[in-house]
Ligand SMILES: NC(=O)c1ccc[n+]([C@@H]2O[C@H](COP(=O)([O-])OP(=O)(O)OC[C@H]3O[C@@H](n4cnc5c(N)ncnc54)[C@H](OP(=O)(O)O)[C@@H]3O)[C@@H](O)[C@H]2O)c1
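Single chain ahead, written as structure tokens, the form predicted on its own.
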Amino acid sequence: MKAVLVEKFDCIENIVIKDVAKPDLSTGMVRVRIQAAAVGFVDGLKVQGLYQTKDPLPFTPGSEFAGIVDEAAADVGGLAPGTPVIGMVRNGGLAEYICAQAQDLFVTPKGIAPEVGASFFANYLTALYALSARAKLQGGETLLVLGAAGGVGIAAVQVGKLLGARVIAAASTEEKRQFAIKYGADAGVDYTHEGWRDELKGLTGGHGADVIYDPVGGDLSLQAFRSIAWNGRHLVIGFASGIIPALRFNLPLLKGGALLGVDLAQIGRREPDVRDQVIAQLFGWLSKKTLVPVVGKVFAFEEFHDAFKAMTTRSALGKMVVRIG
């Protein structure tokens, strides 16, 4: 089979598709013929060896995928060959086949295309878990989403609206702000503008943001926290800017604000019941078309380099997807 193979940490231009052995089944595993895989910010870091944990070499990047069950181990039930599934794993998605633990696979709701299934899981699971389980977002509260036009941000915009919040999208261009508004944001602010916090203050009547959804990091995080409402909650999702901010502890004291970390990789192990509840709610929304996930640009397998490049540019809207099947 063919797979993107990282044999040494390098820039994406130097990584190629190679012929590798089709993965063998073992106990508790399911082999899936992949139809589509997502490319996220973390994947770009992993390929270069810049992520906080390094995958053993060689490896195939891609943690989110959608496909069709090819074969299941004898001890696995409920996942017969031909069953459409969505999966999220450590790596291996940018390949024609993958073997995954049965508990990491979920039957795809009817009517969901592979490109949608591949692009939705991590972003929307993170958004709903963060906003509902961590921040306890309430209807009528104000949610500020940083980097609102990216795959992570647009998921928070949509989920925030479904939870009844007033959503303000912070993005760097008018195109991005209008993109976020198209998918549910009530207003947008240009965080590259020196007076953006004054604009936010005006939009909230001086109240500030009850919840801040922050996948960006850097100086923007510090500025946003200074605009948090009393008893506000700042969700730390990631550091797309590449800079981990240092917050002075007097600010949470003066603002009455809370800093809440969200690590998707640990939810299944530490809070499996909560994760299952969140997934059930997401799949319910998907089945009823209450939630229609945003898919960014879709690339052919041979164009995977372009998917990585698009994901890292400031012009990217939504999440990048590679069609494999």
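All residue numbers are counted from 1 along the displayed sequence. What you see is a predicted model, and the numbers here were worked out from it, not measured in a lab.
The form predicted in complex with this ligand is left out here; the points below concern that form.
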Review point. With the partner left out of view, is Phe41 within 4.5 angstroms of this ligand in the predicted bound form by any non-hydrogen atom?
Key: yes
Q.
If we define contact as a non-hydrogen atom of the residue within 4.5 angstroms of the partner, is Ile15 a contact of this ligand in the predicted bound form?
A. no
Applying a 4.5 Å heavy atom distance criterion, does Asp276 contact this ligand in the predicted bound form? no
Non-hydrogen atom contact Asn91 with this ligand in the predicted bound form at 4.5 angstroms = no
None of Ala185, Leu105, Val216, Ala209 but one has a heavy atom within 4.5 Å of this ligand in the predicted bound form; the exception is Val216
Checked Val47, Val262, Val69, Met29 for heavy atoms within 4.5 Å of this ligand in the predicted bound form; positive is Val262
Counting only non-hydrogen atoms, the one stretch of 195-203, 106-114, 92-100, 230-238 within 4.5 angstroms of this ligand in the predicted bound form is 230-238
Contacts from 163-179 to this ligand in the predicted bound form (any heavy atom within 4.5 Å), listed N to C, are Ala171, Ser172, Lys176
